[in-house]
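Only one chain is shown below, in structure tokens, and it's the form predicted on its own.
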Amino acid sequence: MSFVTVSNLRKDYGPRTIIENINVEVEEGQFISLVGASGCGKSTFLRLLLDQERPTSGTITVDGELFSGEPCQTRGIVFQRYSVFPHMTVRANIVAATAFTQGTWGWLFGNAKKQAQAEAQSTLDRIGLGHVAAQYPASLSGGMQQRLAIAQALAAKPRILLLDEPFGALDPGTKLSMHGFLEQLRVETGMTVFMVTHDLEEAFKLADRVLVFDKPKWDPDDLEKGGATITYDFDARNDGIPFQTLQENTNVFKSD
């Protein structure tokens, strides 16, 4: 059964259409990579999934429920540039994220604060940042800051994690380490993940499916005309076979 259902989605900015005719169904727990040329609407689609922006037309449902019109704690997001609070310690960043989900605008008191601090320390220990809990983000390496940003997004226990080029600014060694970290978190949490990336190797390595965004038609006289859509849906766990083809022709791939 589909967990995230996108139907006839379209987004315009004034006279310019960014994406259109987006139709996709995603099962709970799947990892979806979004690839395509710069400016083809991948990040726009991610913002629509976050409910940060509203579609011009079409719908998105999560577990059968239409979006309410504003982001909520069922969805967490991590950007390429570390979305952490620089004036707070590493531990306080996690505590603040927990507090925001409880509607207290980043502040907790008494037993609630003690419990949140204990949970934050446990989370940091689990992701290898327990030893820097009292430090500030500026003192951490790029990989450690991005690990903190992901942990902060997970503090709300979201069912969907949205990643917008989360590892694009990291060196190759740190990127590989973060891949392992993300794969481990996915196994532990069972989250549904949508990740925008320009790295095709990364897309197919981490994801179950790879969605390619592109314009099916180009007007040489007006390159801004028309929006992008999903032109390919690859099954990343079956040698990159297009997902739709795999479903329609399963007998072709059976062993003799």
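All residue numbers are counted from 1 along the displayed sequence. It should be emphasised that the depicted structure is a prediction, and the values quoted were computed from it without experimental measurement.
Absent from the display: the form predicted in complex with a small molecule. The rest refers to it.
- Stretch-level contact analysis of 187-195, 204-212, 55-63, 31-39 against the small molecule in the predicted complex, using heavy atoms and a 4.5 Å limit, identifies 31-39.
- In the predicted complex, A236 stays away from the small molecule, with no heavy atom inside 4.5 Å.
- Although the partner is absent from this view, T229 stays clear of the small molecule in the predicted complex, with no non-hydrogen atom inside 4.5 angstroms.
- In the predicted complex, the small molecule sits beyond 4.5 Å of every heavy atom of V24.
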